[in-house]
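This document opens with one chain alone, in structure tokens, the form predicted on its own.
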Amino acid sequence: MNLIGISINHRTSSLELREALHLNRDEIVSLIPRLKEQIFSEGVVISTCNRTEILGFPQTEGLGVNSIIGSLLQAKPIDGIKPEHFTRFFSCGAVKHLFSVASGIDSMVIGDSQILGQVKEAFEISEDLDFAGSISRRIFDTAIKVGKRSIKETTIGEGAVTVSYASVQVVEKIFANLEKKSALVIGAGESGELAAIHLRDKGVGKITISNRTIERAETLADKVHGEIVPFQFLKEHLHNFDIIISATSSNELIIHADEIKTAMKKRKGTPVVLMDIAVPRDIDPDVRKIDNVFYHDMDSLKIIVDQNMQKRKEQIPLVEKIVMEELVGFFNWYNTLDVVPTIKSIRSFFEEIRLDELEKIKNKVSDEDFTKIEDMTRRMVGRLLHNPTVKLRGFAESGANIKEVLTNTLILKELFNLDDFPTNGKSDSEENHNSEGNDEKK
């Protein structure tokens, strides 16, 4: 298989380089026609925040990975890029790499839940631009299957592996019914936004955002269908919330222990969860001494994240087993591609002989006898070719002794001069083969 590919990812380059080489959808749509014209007959471009990859089948043997890198850098010219920033993949290794990516075990965050959708979307773009062929379609169908099996058959994607998500999962364990709870997110940066989105996805009844820049607070509030509290009035409203997650970039404490004591008096002891996911801390750690206050900071949440990450790592061998099973299955199918045309050519060869001999006696026997002879010869050819057909296809599908099978395939072509016979479409004997109880797939 002449599949080749390149990848620049979190293992090979810095975040700055990955960001510089990231391709948005419009850029991918612009790049693919150039790849079709200069390098590939079919292929795909995958670009996420942590990787940019191009895989495909070269139009000619002389084209290699350096041509792909050149095309990418033409589309995204940047300084500081070196050959070692790219991983190169060939043939079986390229397919295995793609399967690993789709399963999430090649991601920076093991078990990344988004990568499967990103792989699927990348191939859909190729299909839309007529950059997908039968083989690449089979590869990506199998890659999607690998991803789905990994999610269904393992726990590779379970457990929070980001502090923002961990904080929300802890909240979920403390409060049984989040629909009746109200949450305040302080800070509208990346961590605050992720926390707010996770709260929304968990079905928290009411979400409120507070941020020094009110425009950013409003933008995030719109995204999670929430409200805002102006930052200067924040402390006056603390008692209104069951959940408070703080994720600002302040160098000083935002919330002090005395302020939580005051809020708890107004709450009449109703429990509150405080999640401080800021560095340095936003919330005075002395709040943990106050009754009915559940407090977590980065240190305690990181323990949860590390434990979950370890659990995901323990699932990698199970996912690798799925990758290998599907890899073997794919190449068993691929190996049949060289055998099937030969099988069809053999059938065409024998069918032409059968028809030629029938033509010679057509006018020497009655119509009734001719019909019987025609039927007999059709069954005879089917029986003669049944075992060779089954053996060839069986060897190819099992992947066993494939070099020997391919050698025998070439010998058969040479012996019967099969290059002169068509390899597409079924011969008459093949069409009627199943009716004789000699199904070649048995």
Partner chain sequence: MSQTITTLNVLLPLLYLTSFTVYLYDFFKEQKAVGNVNRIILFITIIVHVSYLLALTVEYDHPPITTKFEIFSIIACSIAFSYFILELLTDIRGTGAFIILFSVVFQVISSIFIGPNYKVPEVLRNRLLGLHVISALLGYSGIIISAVYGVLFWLLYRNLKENKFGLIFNRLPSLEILEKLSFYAAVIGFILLTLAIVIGIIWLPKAFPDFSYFDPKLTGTLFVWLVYGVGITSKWIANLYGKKFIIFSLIGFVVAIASLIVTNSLARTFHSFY
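Just so we're clear, the structure is a prediction, and the values are computed from it rather than from any experiment. Positions refer to the first chain, counted from 1.
Just so it is clear, the following notes concern the form predicted in complex with the partner chain, a form of the same protein that is not shown.
With the partner chain left out of view, which of Q169, T162, S182, T142 would have a heavy atom within 4.5 Å of it in the model of the complex? Here the answer is residue option Q169.
Answer with one of S134, N177, N251, N363: the residue that has a non-hydrogen atom within 4.5 Å of the partner chain in the model of the complex. Contact residue from the list: N177.
Counting only heavy atoms and a 4.5 Å cut-off, does the partner chain in the model of the complex sit next to every one of I151, Q307 and K311? The answer is yes: all three residues contact the partner (heavy atom, 4.5 Å cut-off).
K173 near the partner chain in the model of the complex, any heavy atom under 4.5 Å? Taking the distances in the model of the complex, the answer for K173 is yes, it comes within 4.5 Å of the partner chain.
Please check if I303 has a heavy atom lying within 4.5 Å of any heavy atom of the partner chain in the model of the complex. Yes, contact at 4.5 Å.
Exercise: D291 in contact with the partner chain in the model of the complex, heavy atom 4.5 Å: Although the partner chain is absent here, D291 would touch it in the model of the complex, with heavy atoms inside 4.5 Å.
Contact of P230 with the partner chain in the model of the complex (heavy atom, 4.5 Å): P230 lies outside the contact set for the partner chain.
Want to guess which of 255 to 263, 328 to 336, 184 to 192, 291 to 299 is within 4.5 Å of the partner chain in the model of the complex, heavy atoms only? Comparing against the partner chain in the model of the complex, the contact stretch is 291 to 299.
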